[in-house]
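First comes one chain, alone, set out as structure tokens in the form predicted on its own.
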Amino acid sequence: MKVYDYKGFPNPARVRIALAEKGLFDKVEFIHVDLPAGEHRKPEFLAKNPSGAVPVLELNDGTLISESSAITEYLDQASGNPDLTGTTPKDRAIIAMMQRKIEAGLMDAVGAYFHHATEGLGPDIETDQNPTWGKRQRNVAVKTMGWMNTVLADRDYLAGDNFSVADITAMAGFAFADFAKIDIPADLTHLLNWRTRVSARPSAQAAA
């Protein structure tokens, strides 16, 4: 398999963590896509993903899978334990729900702030900024952190008792928040404790 990505960016980080959790990291060839240089907007890459976004998983038969949630779903179903997306209908629905709420409320919100209210990837890439929208999304991210802290008051992980793709998305989202200089408020102790736990997982180093 091949993964087209940019190491250290949030969505590629999600896939790298999932690969490490599933024991598949060494079975993948990583192909660097230079986002700051605009390589993701060139015809060669757009032929693989018309959205112009990384990561993209290319299977050995040439099948191309984009969108991080779709890639992690494939990896989880294609390999054995540990399970990351749930085994029962109820578990799968809860994990998918939590993953999407965290993706939208944390990672996408931080992304909007970074791309619209900061210099982002530079003037050649950030050609259509809306600073007011970006600053508003920063507030969304902080509000989402408060909700996550409440969720973690009575559980170890964001979707229940077991580590899942919801936690993976949150890990990538907080790494992005660090880069964008959005701190977790000090009074969100459940969330801070969760982050300490998941940061100690060996897979966390795969995205560093």
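One rule holds for the numbers: they count along the sequence shown, beginning at 1. Since we're looking at a predicted model, the values are computed, not measured.
What comes next is about the form predicted in complex with another copy of the chain, which does not appear here.
K.L.:
Tell me which of 161 to 169, 26 to 34, 63 to 71, 176 to 184 has residues with heavy atoms within 4.5 angstroms of another copy of the chain in the model of the complex?
P.N.:
Single hit among the candidates: 63 to 71.
K.L.:
Please tell me whether any heavy atom belonging to Pro89 falls inside 4.5 Å of a heavy atom of another copy of the chain, as the geometry stands in the model of the complex.
P.N.:
Result yes; Pro89 sits at the interface with another copy of the chain in the model of the complex.
K.L.:
Does any part of Asn81 reach within 4.5 Å of another copy of the chain in the model of the complex? Heavy atoms only, please.
P.N.:
Heavy-atom contact with another copy of the chain at 4.5 Å: absent for Asn81.
K.L.:
State yes or no: in the model of the complex, is some non-hydrogen atom of Leu121 no more than 4.5 angstroms from a non-hydrogen atom of another copy of the chain?
P.N.:
Outside the cut-off, so no.
K.L.:
Taking the shortest heavy atom distance, is Arg138 within 4.5 Å of another copy of the chain in the model of the complex?
P.N.:
No, Arg138 is distant from the partner.
K.L.:
Thinking of Gly146, Thr196 and Ala208 as one candidate spot, does another copy of the chain come within 4.5 Å of a heavy atom in every one of them in the model of the complex?
P.N.:
Negative, none of the three is within 4.5 Å.
K.L.:
Heavy atom within 4.5 Å of another copy of the chain in the model of the complex: which residues of 21 to 45 qualify?
P.N.:
Residues within 4.5 Å: none in this stretch.
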